[in-house]
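In structure tokens, the next block holds one chain alone, the form predicted on its own.
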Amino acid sequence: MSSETKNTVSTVKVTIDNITIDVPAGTTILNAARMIGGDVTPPAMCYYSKLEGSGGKCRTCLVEVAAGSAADPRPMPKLVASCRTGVMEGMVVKNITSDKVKEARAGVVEFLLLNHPLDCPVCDQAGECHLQDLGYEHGKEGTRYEFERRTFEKEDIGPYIQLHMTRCILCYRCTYVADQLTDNRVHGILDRGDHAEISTHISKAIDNNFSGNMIDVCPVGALTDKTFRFKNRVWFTKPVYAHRDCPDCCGKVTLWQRGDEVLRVTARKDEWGEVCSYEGKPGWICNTCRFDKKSASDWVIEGPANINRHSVISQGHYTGLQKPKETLPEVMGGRAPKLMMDIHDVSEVNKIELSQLPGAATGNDFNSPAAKEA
């Protein structure tokens, strides 16, 4: 090995929005911006660092390269996708400091919303939807689109997952999950152009043990958990970290509880909405942990989950809370207060455990003989 190769610089210096940072050679602009964090980081709807080959499809991460490198400081003629463009020594990048980027990003958001329905009031993804955040932060207040939007029928692509293709933005993440986590992918992109859709060939069911991870990587509400559909809003639930000894996966999850009920189980996510890594490996979870272990007794609860994203989930989610001292027992001389009415004995809602229902609760569930006898 020559001395020149041994002395090769392993890091490069890049400036993003007037902030200079040293990053490993080969790092993309997006990942370099994530090392800085904050508003400097471009949004990403299709890129997923744990999925090889992802990125370059949604164009929301476009940035302006004001100087290509120290050796060639000329600016790049067009905006580039930061998830696909590697940094160079001396590169200067503009994100939130560029008017071109702001205008282009607003246009990209408008295109993504052309056919996206206004399902937020009924969508299970509301409150943790990346497209909601993107539209609020980078979109415009209205749309110029006047034509009929494309629609698709809902499709069950397995016993646990329902596909709402009308909401899909074709980020391809779910296809990468099936390709890289399972042995046999049975779904993909059918047709092209405005007719392109994600589906299975001849309605073949997706039944492998890691198919539920497609729900976690979906940035919108196109892939929904059928065991959680319409049962609750995420901002009414309490996310806690938990783990169990699982022979198939890492067993480290987030439990979404309402009271003592476990309404859903998901993989743990970082501040970018991606699955956390453990010992250098992505923390994907199996379907057994996700869909079958819906009791708190199945898990070892570690404590409240860290909610770093600017989401309504963080409202009412307190850690290190100090409760005021309860003075009622002292006032009453140690006697417990007498209850005029116990709401749990009167309310019929509390007689049904939502986590045990295979789908959304209906009037038939509350009117059934079993519910009345409870």
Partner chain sequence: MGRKLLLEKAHVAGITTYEVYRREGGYRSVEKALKSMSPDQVTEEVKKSGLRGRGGAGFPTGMKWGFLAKPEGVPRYLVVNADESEPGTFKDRYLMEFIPHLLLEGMITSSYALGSNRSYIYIRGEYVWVAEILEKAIDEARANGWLGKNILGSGFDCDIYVHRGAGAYICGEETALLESLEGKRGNPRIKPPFPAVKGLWGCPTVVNNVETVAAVVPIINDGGEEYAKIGIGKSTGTKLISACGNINKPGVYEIDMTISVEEFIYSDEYCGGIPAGKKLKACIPGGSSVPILPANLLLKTAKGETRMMTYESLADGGFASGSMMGSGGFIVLDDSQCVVRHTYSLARFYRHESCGQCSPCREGTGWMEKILWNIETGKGKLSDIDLLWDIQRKIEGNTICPLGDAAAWPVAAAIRHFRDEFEWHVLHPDEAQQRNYGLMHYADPIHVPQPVMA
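Numbering follows the first chain given and starts at 1. Everything quoted here is computed from the prediction, not taken from an experiment.
FYI, the form predicted in complex with the partner chain isn't displayed, but the following is about it.
Remark: all three candidate residues (Leu62, Leu79 and Tyr172) come within 4.5 Å of the partner chain in the predicted complex, counting heavy atoms only. The contact with the partner chain in the predicted complex, taken as any heavy atom within 4.5 Å, belongs to Leu112 out of Leu112, Val275, Cys123, Val220. Proximity to the partner chain in the predicted complex, defined as a heavy atom within 4.5 Å, singles out one entry of Asp99, Glu279, Asp191, Glu141, which is Asp191. Heavy atoms within 4.5 Å of the partner chain in the predicted complex belong, among the stretches 297 to 305, 259 to 267, 100 to 108, 87 to 95, to residues of 100 to 108. In the predicted complex, the partner chain sits within 4.5 Å of a heavy atom belonging to Arg150.
Not displayed here, the partner chain is approached by Cys58 to within 4.5 Å at the level of heavy atoms in the predicted complex.
The partner chain in the predicted complex is approached by Glu146, whose closest heavy atom lies within 4.5 angstroms of it.
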